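Read the single chain below, which is given as structure tokens and is the form predicted alone.
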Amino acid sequence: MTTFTPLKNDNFLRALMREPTPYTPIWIMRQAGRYLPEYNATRKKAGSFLGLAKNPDYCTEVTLQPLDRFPLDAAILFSDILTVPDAMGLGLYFVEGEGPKFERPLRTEEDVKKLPMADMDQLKYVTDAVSQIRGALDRRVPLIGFSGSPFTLACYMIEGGGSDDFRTTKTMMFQRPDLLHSILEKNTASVIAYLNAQIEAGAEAVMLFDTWGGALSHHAYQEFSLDYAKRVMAQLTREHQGRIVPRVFFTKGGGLWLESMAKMGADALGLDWTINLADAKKRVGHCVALQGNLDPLTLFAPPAVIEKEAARVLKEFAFDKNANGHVFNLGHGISQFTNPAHVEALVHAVHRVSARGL
């Protein structure tokens, strides 16, 4: 096992554990992405998205690119949530302008019965990237590992790609809930193994992205999404290299279920921009830290407006240097059309405004 020395900047980890920090730390969902010209150059060099994602050298390069531009407080592994079903033999590929697709989606009982667990040997390129990135970071900031939630992965696996209404998934849910539960059981075991492998390789915090849980009804969310996410959280490695490994859970569109999510075993909840942080703080109390939640399209506004909106979010949380618990982030991934200068304005505004107090 590789041993790493203490971090130069651990404000992100301390905020997740609701410990004092001198300012509100910030990172950005999809911070290594197409809005950066250097990312596009590396992707062109790699030849394809999968060529990029499956090469630890390229993953390390693009993970560090936003940190070289902006004083962010965390790095996040460059990868894709669909690496797990790809390692289950479904045949992941990408269509330009359409996004991810699977050659062998799960449509029949036989498909589900034949579905294996994710082969961790096929995901070694991910853990190799985690170890390489940790070394390249040289203790600058913490590294976040991540996975899609069991339900979100199931949506892609059943639909065969993205969907506007998840008709095929919901049809299975209502007609053959046993089949959906079978997929979710295998996904859950695979995600636990995958995230624990990332922690062992050097990830200092992990995040579970439940991108499509918000498409469910109240009852269905509890049964098919949250219950399986709870199982993941309960079986993750809690401490590694002498430090607690914080766990973050994010359901896009999940504001209705904050109280339930606060009890599911995560240390922090990611919030989208539809939730008022002050209300969220009241609803969850001191159970968890909160991450979020600026609307990503705010970054299309002039820098002065970006700073104003950042200050509004910080004021909603009411940052306290002695008892933090807030990580600033966007409410979802950054748009590929964002001006990098506006990201720089946001990061500096969050640090400056929170450090001086509100």
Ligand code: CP3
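Residue positions are given as counts along the sequence shown, with the first one as 1. Small disclaimer: the values here were computed from a predicted structure and weren't measured.
Quick note: we don't show the form predicted together with coproporphyrinogen III, though the next part is all about it.
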> Does Ser79 reach coproporphyrinogen III in the predicted bound form, with heavy atoms at most 4.5 Å apart?
Replying inline: yes
> With a 4.5 Å heavy atom cut-off, would you call Phe49 a contact of coproporphyrinogen III in the predicted bound form?
Replying inline: yes
>> Would you classify Ala32 as touching coproporphyrinogen III in the predicted bound form, given a 4.5 Å non-hydrogen atom cut-off?
In response: yes
> For Thr188, is any heavy atom within 4.5 Å of coproporphyrinogen III in the predicted bound form, or not?
Replying inline: no
>> Can you tell me which of 285 to 293, 315 to 323, 299 to 307, 36 to 44 lies within 4.5 Å of coproporphyrinogen III in the predicted bound form, counting heavy atoms only?
In response: 36 to 44
> Which of these residues, Phe146, Trp273, Phe166, Phe102, gets a heavy atom within 4.5 Å of coproporphyrinogen III in the predicted bound form?
Replying inline: Phe146
> Exactly one of Tyr156, Phe224, Tyr194, Phe249 has a non-hydrogen atom within 4.5 Å of coproporphyrinogen III in the predicted bound form; which residue is it?
Replying inline: Tyr156
> Taking coproporphyrinogen III in the predicted bound form, which residues along 186 to 215 bring a heavy atom to within 4.5 Å of it?
Replying inline: Phe209, Thr211
